[in-house]
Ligand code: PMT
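Taking the form predicted alone, here's one chain by itself in structure tokens.
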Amino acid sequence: MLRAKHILVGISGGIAAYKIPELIRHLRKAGADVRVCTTPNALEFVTELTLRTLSGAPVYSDVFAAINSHSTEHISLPEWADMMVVAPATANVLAKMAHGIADDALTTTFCTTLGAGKPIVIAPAMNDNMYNSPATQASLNTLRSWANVRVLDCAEGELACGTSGKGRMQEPDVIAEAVRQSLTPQDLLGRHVLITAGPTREKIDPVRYISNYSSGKMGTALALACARRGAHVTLIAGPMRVMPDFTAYPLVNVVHVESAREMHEAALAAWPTADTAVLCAAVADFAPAETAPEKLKKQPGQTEMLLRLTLNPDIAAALGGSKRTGQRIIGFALETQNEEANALRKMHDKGLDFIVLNSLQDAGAGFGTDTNKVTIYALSEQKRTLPLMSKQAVAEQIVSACIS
């Protein structure tokens, strides 16, 4: 997604500038080509040598410097760039950008990039009182009103001045995620996608449960893929060890559940307003008929225990049975035998429009891995088999084939 993209990073003079080398490293690692422009004060917080080394290119910090590649770097850099990110953006620089004041390398470059219509991401950072001042809020509102500008909200927490409040710059990974979205076609804007992800847990007693090996990585990759393309996402998540940071995506609503019945209720509640459901969760088919109120203890001489199970509600069948015109459902099937026949039967029996088949027979696919190998079947039974690739890449392919 960022490979071979040209990203212009603008840095102003705030203490959060020390985090920008990490952002540059993140973007370069993803394959992007990065150039840096700064205000003079930014170089009080991070050295030009560091920025030049990490970006692999000269730093533009002085409009009239003799070392500039062009006499008008503020024009040539925006022409080169696919997008610009300004981080940190101080109250001073926000005011200048909002009012078209271009009196240094950063603000002249910003104004030219803005006029060229290139996407711009701004990550403010300052003291909480400066952030809350009417002047700063007016600058932020002006910048947010421009179509090609996205202003990230400040985070709350401990500030460099010793106080605590709203004013922290978003972390580099959050800014990088906003950069990814700015370079992704927004073909799902206005769409509502419901996604289930992760395992469920069915309680036996207060300390034991029935579950499976699902990590939720495939489902959260799908949520990111849809969010990057502008969708409103309702992610119904079973208990997972790791959950991605969706701070860059205010239209992602994560609903945490534990049991299959809780996931069923949450899915039914979200389904009426959704355009698409992607049922990626590994939902337990059965649950204990009764949950013991206290820990079950082994009795002297006991050699076995019988656990009576009851059938859980079928989320796919429930949504498929209530599907209205225009809605679509993508299901997942993980099979260990008769894979294709079982997947196709599930698709037809439950009213699905597509089904994605995983097989535990494929090395590197299935539970807990960062990669996956799947086959996508349409209702017409046309199929598309993907090679082994990262789960994020698989998610992008599924979204393109089944949703967009």
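In case it trips you up, residue 1 is the first one in the sequence shown, and so on. Since the model is a prediction, treat every value here as computed from it, not as a measurement.
What comes next is about the form predicted together with this ligand, which does not appear here.
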_Each of Pro313, Ala333 and Asn372 within 4.5 Å of this ligand in the model of the complex, by any heavy atom, yes or no?_
yes
_4.5 Å heavy atom contact, Ala89 and this ligand in the model of the complex_ = no
_Lys391 versus this ligand, in the model of the complex: is there a non-hydrogen atom within 4.5 Å?_
yes
*For Asn358, is any heavy atom within 4.5 Å of this ligand in the model of the complex, or not?*
yes
_When the contact criterion is heavy atoms within 4.5 Å, does Gly368 count as touching this ligand in the model of the complex?_
yes
*Just one of 174 to 182, 247 to 255, 283 to 291, 95 to 103 has residues with a heavy atom within 4.5 Å of this ligand in the model of the complex, so point it out.*
283 to 291
*Consider the chain as shown here, without its partner, and state which of Ile195, Met84, Cys226, Met218 has a heavy atom within 4.5 Å of this ligand in the model of the complex.*
Met218
*in the model of the complex, which of the listed residues (Thr112, Ser259, Ser214, Thr276) lies with a heavy atom within 4.5 Å of this ligand?*
Ser214
